[in-house]
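The chain below stands alone and is given in structure tokens; this is the form predicted on its own.
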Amino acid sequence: MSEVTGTNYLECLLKSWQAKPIESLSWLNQLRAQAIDRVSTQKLPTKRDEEWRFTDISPLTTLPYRPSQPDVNLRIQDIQHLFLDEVKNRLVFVDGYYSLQLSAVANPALVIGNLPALLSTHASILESHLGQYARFDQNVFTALSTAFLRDGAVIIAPRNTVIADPIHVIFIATQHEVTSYPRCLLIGESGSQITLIEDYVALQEAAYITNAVTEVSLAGNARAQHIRIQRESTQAFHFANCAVALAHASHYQSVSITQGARISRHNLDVRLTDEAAECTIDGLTLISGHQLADTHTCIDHSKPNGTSHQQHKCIADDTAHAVFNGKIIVRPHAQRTNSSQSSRNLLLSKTAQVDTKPQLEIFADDVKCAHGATVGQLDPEEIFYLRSRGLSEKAARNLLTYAFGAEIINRIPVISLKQQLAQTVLEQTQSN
């Protein structure tokens, strides 16, 4: 990584880091120590780095944002509007710290809770998964998250268990000028089925930094639906890394919605590590004003008969800047891979900007792969058609914009969340 001018942010975090060893858990202490060692040798990325060339995070480099502190002032009525009708199991984290009084756990067939509480009873399985997929060797944000690892959402779907109700993990930001480290680990044992909603929200407009890491491991024939919602303060910085490992005939379905943050970056790395694994990845970025939202994905096929389908959409208004970089890798032994990727982008103003780069890297000869990208404005013929049916130009534009985004929203399997997000998209796509 290239060196940046001004490293106050990293210096403040390095000075504030304390090991706080956990008795009899040398593996976790060692993991955290290795991560802080990696932080000390890395720099924040700049636009000179190929993977960051469209995303300028230089405003971050001079912010002395120390780690957040526990805050117990939040009450259940303050966040009740975030609750979903279908959810019986809910984990709530405030500025990165687990809140027992705001959470609710009701399913005895499910292993769910805060990381420190499960270390004594599930140390073996946690050691084999935690920090094993989201690698921090070349990623300073993942290294920081692992170094400051303390609280975290842990969900384990037992073997051959179908968890019908969705699990809602809510990460709430309340403090100004701090950095929080949300952490989430989902383990689906063989034959299990589960739905996870990962939700990032702010209760007020404020400047802060969220550095999130999520790891998902699905064993043979396991299935997971993963809905990720990012609706943070438009003054915030949001950096997220999600790593997914898929075993034989497992299936991972992801829907990611990005609306908030001044600058956001979401890295999604999906590895199909065994035969017949499948993934479906859908994303929607909806930004305006001066927001910058960067999405990087990598789908790595390493075994035969894998299937992946991806559709990512961006809607950018005002002077907003959206970035999408989607890479699909088909390795030499991954014969009979079936993969498709689509990037569709809508500009609502002449000053909005989208940079999109779909990529295919194919090293096998018996495959079926396709990709494509479009960037444009609303189709004048479609607007004319709607106007000929009695709609005003404003109403026609609003309807077409909403329909463009609603296609992704409609793939969310949780009805109350789908309705909530559809209303948000409808309100945000209303032109003046």
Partner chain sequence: MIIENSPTILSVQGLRASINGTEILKGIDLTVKSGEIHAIMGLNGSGKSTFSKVLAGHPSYEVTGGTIQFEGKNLLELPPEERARAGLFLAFQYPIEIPGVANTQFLRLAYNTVQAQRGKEELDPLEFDDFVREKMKLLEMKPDFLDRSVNEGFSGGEKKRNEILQMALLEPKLSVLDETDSGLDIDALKIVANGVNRLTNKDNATILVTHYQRLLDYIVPDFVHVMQAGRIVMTGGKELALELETRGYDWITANKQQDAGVSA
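Positions refer to the first chain, counted from 1. Note that the structure is predicted; figures quoted are calculated from it, not measured.
Below: the form predicted in complex with its partner chain, not depicted.
Of the heavy atoms in residue 65, none are within 4.5 Å of its partner chain in the predicted bound form.
Contact annotation: residue 368 falls outside 4.5 Å of its partner chain in the predicted bound form, judged by heavy atom distances. Although the partner is absent from this view, residue 373 stays clear of its partner chain in the predicted bound form, with no non-hydrogen atom inside 4.5 angstroms.
Its partner chain is not shown here, and in the predicted bound form it never comes within 4.5 Å of any heavy atom of residue 33. Though its partner chain is absent from this view, in the predicted bound form it lies within 4.5 Å of a heavy atom of just one residue from 57, 391, 28, 378, which is 391.
The stretch that touches its partner chain in the predicted bound form, counting heavy atoms within 4.5 Å, is 402-410, out of 65-73, 37-45, 360-368, 402-410.
The partner is not shown here, but in the predicted bound form the stretch 369-388 reaches within 4.5 angstroms of its partner chain through a heavy atom at 381, 382, 384, 385, 386, 387, 388.
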